[in-house]
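Next up: a single chain in structure tokens, the form predicted alone.
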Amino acid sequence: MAASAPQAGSARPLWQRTSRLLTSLLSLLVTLIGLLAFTFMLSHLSPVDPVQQIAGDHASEATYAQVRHDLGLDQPVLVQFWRYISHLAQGNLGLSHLTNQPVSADLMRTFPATIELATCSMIFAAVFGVALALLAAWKPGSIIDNVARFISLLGYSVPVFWLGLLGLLLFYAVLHWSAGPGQLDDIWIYTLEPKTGFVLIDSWLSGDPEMFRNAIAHIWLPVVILGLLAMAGITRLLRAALLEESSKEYVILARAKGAGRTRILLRHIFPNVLGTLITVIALSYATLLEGSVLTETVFAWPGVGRYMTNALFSADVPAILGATLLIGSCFILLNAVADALTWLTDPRTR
């Protein structure tokens, strides 16, 4: 029988596990409060005067003072911060000066497109990144290992917007393999009934196979471009973890007992780096939500990233802060989920 990894020691006492859980929850709460304080500080450090945006450039002093009072800007900072938190608790992120709609409504409309793009990119990155890392660790120094390191270097060093423009030039303008920017062609974009906000699901539910194929033709290129960013990190970190684990004593013992290379890699080494893989995937997914800004702009994808870009060019402070708060909250929660999954899958962390 092949050797296996050493097992963790006896489980920690209940009070230690409870203490760790409470510490994690407290850390999550403090981080969220820090994010709220950061966005609140940005709103006050912004060179854009929110009162002037509402009252106009030619407003009288009385009108200016009244608008300032209505916004609560004449109150002490702590009072303003409490009011800011109270509004957030009610789902009130302010009014977008660009769309004249509540920021919360704009984010609910655009966030599904970002989730769809990031999720498809994450699936692409996880499948190919894990497979490439396993092949690279199966035979270090081989051609596959060199390819894995090259892809990692490419994903880290090449700007995503440059890859996006190059991809559009090659696969859309020259080869016509991609349907181009946007989610759908104009012939379908105005006839699609948005039931879920996810264009792939909605086009599938429409019962029109041509519309569904057109949605796939539009989404595959931004998925690959954005997925390369996450794939580089997954391949690099998982490959390093696998190679580090392969030098430990239980692996050497398994080889001495005659276990094959593939069996050792999949049955003994890979389960012991599963916690690392979960953390990398969770952080990569959060990075995709952040990195979607440039990708959505290049591919005219109607998500939060493009919404934030338009808000930046229009100096729409409420929209910028709302989008920042949303993406930051997702990043914090994904970190918490990764810690919880690592604790569940890796007995050594308990």
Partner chain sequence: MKKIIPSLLALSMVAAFTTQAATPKDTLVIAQSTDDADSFDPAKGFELTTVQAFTNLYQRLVQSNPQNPTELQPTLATSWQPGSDNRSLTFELRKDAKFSSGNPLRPEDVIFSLGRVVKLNLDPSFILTQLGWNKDNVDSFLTKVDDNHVKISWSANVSPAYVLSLLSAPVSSIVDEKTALAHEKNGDFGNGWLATNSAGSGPYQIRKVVLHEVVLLTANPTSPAGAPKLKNILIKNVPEPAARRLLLEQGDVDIARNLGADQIAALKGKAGVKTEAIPMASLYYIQFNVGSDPVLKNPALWEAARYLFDYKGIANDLLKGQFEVHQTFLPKGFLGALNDTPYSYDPEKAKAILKKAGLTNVSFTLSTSNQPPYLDIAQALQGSFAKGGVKVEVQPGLSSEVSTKVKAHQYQATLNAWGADYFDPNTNAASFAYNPEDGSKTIAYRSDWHIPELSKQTLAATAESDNNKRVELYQAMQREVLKNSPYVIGLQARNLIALRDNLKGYVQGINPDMVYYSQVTK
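Quantities reported herein were computed from a predicted structural model and do not represent experimental measurements. Positions refer to the first chain, counted from 1.
Not on display, but discussed next: the form predicted in complex with its partner chain.
Using a 4.5 Å cut-off to its partner chain in the model of the complex, not one of I115, R255 and G260 places a heavy atom inside that distance. In the model of the complex, D49 approaches its partner chain with a heavy atom inside 4.5 Å. Remark: R213 counts among the residues lining its partner chain in the model of the complex, judged by a heavy atom distance of 4.5 Å or less. Among heavy atoms of F150, none comes within 4.5 Å of its partner chain in the model of the complex. Proximity of L243 to its partner chain in the model of the complex falls outside the 4.5 Å heavy atom cutoff. Contact with its partner chain in the model of the complex, judged by any heavy atom within 4.5 Å, is made by just one of L95, L135, L277, A126: L135. The contact residue chosen from N100, S247, S157, S86 relative to its partner chain in the model of the complex is N100, the criterion being a non-hydrogen atom within 4.5 angstroms. In short, of 53 to 61, 32 to 40, 281 to 289, 317 to 325 it is 53 to 61 that has heavy atoms within 4.5 Å of its partner chain in the model of the complex.
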